[in-house]
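Okay, so we've got a single protein chain in two different forms coming up as structure tokens, structure 1 first and structure 2 after it.
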Structure 1
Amino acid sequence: MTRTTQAPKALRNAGNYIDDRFHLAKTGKKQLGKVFPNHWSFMLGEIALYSFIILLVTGVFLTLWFKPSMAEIVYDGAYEPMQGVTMSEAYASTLYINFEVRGGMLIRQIHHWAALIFLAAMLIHMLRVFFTGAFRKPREINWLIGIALFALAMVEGLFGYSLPDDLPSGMGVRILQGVMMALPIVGPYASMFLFGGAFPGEDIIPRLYMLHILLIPGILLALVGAHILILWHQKHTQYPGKGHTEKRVVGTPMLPAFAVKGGAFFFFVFAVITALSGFVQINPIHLFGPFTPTSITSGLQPDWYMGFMEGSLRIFPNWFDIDVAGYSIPTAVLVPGLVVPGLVFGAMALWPFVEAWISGDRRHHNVADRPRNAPVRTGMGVAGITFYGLLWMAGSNDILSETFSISLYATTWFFRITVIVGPIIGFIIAKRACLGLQRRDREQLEHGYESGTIQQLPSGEFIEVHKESSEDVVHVLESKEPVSRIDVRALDENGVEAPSSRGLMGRLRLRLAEWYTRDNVSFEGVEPHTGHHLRHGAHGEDNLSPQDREEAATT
């Protein structure tokens, strides 16, 4: 005898009340059964989301005691080394949070670590999306939203880092002001508008505070909500595998499995961030002292996500500063501070549309690419990572110089050269590695995998037996789309040059399409290895007896 378990009467009444008015039961049941693919890389986006939630909660806690004021006071708080020192109220209130609010320093560190992990998770998540082609139609808009999220999060982190008004944060604000001043014509006016006068003024901390706790978080919340809603509507991409098609998603339903797993993963992320905050000190502002325009501290580095801009500013030469109509344009600040980040984020935003234009591929894609099956895209991604990584390392050129006893000028010139040559080398190596992996996949699909079993033929020759790959592996190997999907033909069916190919853009597209598909390994006509043919006729298999043939086929 089975017994049906019902929800408590109060819950049933509340549910019936809501459903009578909004008719959500049927829709809710369908949505709660939504399937999520099972793969660890999909959890990168969850780490970013959970870190963002932790940022919001801890940020609310910190606003209760932080004073966004640059009014000067003489400190007389609990931190003895700073007693009697003149400082801003912002810096004093941060010391108060650290040493007089119960759990204040822990919450500050949780907030800071969550910000670093939030940006790191977003970056790695975006790399996963890029290398697997998950930005393709119909997900281009969500890709753009992701880029906007990352750029805004960088600005949000910079403003939050600047609020305590300690020496390192003041230096960061000074660099921000210098980059703004480099803007032709409008730069001084923009700086005066933000700072309320000459640097540093008395308005910058209150204004950054408003931007940090109201405007930018509101935009981030809206973008995160839009990102999740679009993802929910369009469904996840999934990796190639058995049963994985463009119209069928294989994975775990929302309730109860994924919800339980997601909830547990949130607490795991929170535990890791709390452990880091409890045992790994970060941004100890009490050791740096308050900001003064005449002071500087050597050996300090910005948070990791600003490292590439720091490196760009350090290594860009000052040979190109120019004067136009009486206005000085300091390109040594303008180009690395604004143009380089603009090129990086602009290239990321445009890539889905450029790739679709080159390839002519306008189809919906719900099954992700294997990075090896898109060698040019993978090569471009590796080139971008190399460029970013070298700029990031260049931000520590003084520390590298001191640590390894190398001339500072030598490290600067090393990064100036490698930041140009390195991405090219990275692209070539990545592309060749992808093509090599494609050839290996084709061989495995056609001949099976090397079993490690050595067999002697009647002719005396020793061969290694290839065995049939599993059905799941065959599905993955066969997921490579035909290279011919990219149209590189300049002639129509009548042998006449197509109108779309006659203009400058048409010819450019054909050249780019040829470059995009060059050397790509085709799997067309390849039949999966079935395990009963060893393809050794050239080695004497045709001379085997029936018994030997059967033995060879079953070994």
Structure 2
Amino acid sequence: MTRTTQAPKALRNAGNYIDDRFHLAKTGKKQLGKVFPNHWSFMLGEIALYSFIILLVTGVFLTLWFKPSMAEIVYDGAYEPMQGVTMSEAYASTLYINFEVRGGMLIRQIHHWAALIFLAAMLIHMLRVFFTGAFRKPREINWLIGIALFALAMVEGLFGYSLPDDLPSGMGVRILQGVMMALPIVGPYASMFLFGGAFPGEDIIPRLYMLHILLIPGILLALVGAHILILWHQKHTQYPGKGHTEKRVVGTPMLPAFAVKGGAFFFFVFAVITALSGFVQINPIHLFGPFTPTSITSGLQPDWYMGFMEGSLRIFPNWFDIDVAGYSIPTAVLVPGLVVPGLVFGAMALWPFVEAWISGDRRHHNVADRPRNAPVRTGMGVAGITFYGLLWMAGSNDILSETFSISLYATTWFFRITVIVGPIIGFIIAKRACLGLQRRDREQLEHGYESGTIQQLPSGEFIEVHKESSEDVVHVLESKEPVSRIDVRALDENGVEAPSSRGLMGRLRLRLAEWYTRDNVSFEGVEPHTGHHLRHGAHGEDNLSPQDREEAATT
């Protein structure tokens, strides 16, 4: 690296060959120099990308043997406990993969673990983007694509879970069918069309198979491509820091370091998933037994990402079901099955636009917000996590009930109440925590950090010595901008309210804007390291902000 070596001839020739045809030298240099900010949380999306690749590869392997057929056969394969059992060809071929294809069990387990990791990675990636405000202009469209990816991946996972036609997987399909049936008027038709007749019929697995291996992955692939292209074009956001500005992004270039780091990360993801698959049994369909519509197991669960829907199906009561003249609208199915996911995904999709509308913020943002510097957003995020998390836990309330010996109905009631109260409490706590952290930041910016060293002053007073924060820290602390807000009480020169604040929506917006910005701690006029704690013994009153004076008075 101290000297540029001449490119080897073969490489030069290949390069020339390509460039002769595509004119890529300039673009190539630029793209290979693409900057990747250095922070682990920027790697979360990559986990999802890599597990998706693993899913594609292992999925192809599984298709070599899997037979998507519901034809009933009597099993005569090598796995002894099931010999002579009547089952569908789909289930029998999955047994074949498990017990007669070497490495088949491993690949199946990799496929399943990778699916769990795929969705988990997408979720925390999404949370990172949300809490750092990385969805803001100009990245709203990529945020929407991300949500579409998550929703599609959920469906993809559900369908994949349903294919082996084992006992729990068939029940997943049954619940899907039950939710469809509840749709007013169209329900029975939709169900008959999807299943090719009454449940379970003989068509559903071939159809889900087509959706699972062709249609949905195709759309996923296209969306992943678009997601990455947009990211590439708009470049990464970055955390505040020295030299990190709205105009330029700082980080490791693609060539050489990041290419190697990214490659290493792919292998890490693959290694962890493989290690899990080698040693931790997942979805042991050969132990579950084949699907029959008449049998069921206790503790029946979907995979984790469907847990919040399962939970809402469990706790939503039938009190709001509408029964008139023999016609029923079972809201206890429709609300959890459609409204709850609609609410979760709808709220996520709308949030960037709602936030921009409330705050009137139309600027471009490339430097990520620290979550504490947007307390309302952070609070909303925490409320959302609480809501989702509680529903998710409610989806395993029977397991919780059994494990902790709590009455089953008590857990139902617990979740019914906390699902409403929890998010509110979560919001309040998170917002308070943010504001507290803001105050601490302001404190640290002015007074430096607490060094942990206690000194006794000549006067006998004990103080903790404060030290100046590093330049880097100061950069981070100073990154806090005033939360942008529309001018709440704006009157024009004639004393007339701005048009944007008139009318019902206008007033609503004003109220929201006030709520959004009200409690924010202002950093205005705070100069780094001017606080009195750094100059003990020399309490210069001149530099103190009013708050400091107050503080000085009380201490």
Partner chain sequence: MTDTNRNHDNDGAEGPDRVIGTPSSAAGSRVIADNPQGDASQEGAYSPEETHTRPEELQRKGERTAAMWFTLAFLGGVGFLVSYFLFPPDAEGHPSIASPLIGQWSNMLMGGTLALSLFGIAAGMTVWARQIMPHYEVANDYDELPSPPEEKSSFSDFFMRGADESGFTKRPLMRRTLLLAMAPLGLAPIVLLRDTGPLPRDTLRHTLWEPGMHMVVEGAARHGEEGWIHEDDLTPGGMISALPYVEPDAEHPHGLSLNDQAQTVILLIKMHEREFSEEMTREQRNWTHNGIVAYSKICTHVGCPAALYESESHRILCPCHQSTFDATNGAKVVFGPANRPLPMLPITVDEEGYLVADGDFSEPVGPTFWDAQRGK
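The structure presented is a predicted model; accordingly, all values stated were derived computationally and were not measured. Superpose the two forms; the largest set of C-alphas matching within 1.5 Å is the rigid core. By convention here, residues take numbers in order along the sequence of structure 1, the first being 1.
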In this pair, it is the form predicted alone that is given as structure 1
Residue 452: CA shift of at least 2 Å between the two structures after core fit? yes
With the core lined up, does the C-alpha of residue 324 move 2 Å or more between the two structures? yes
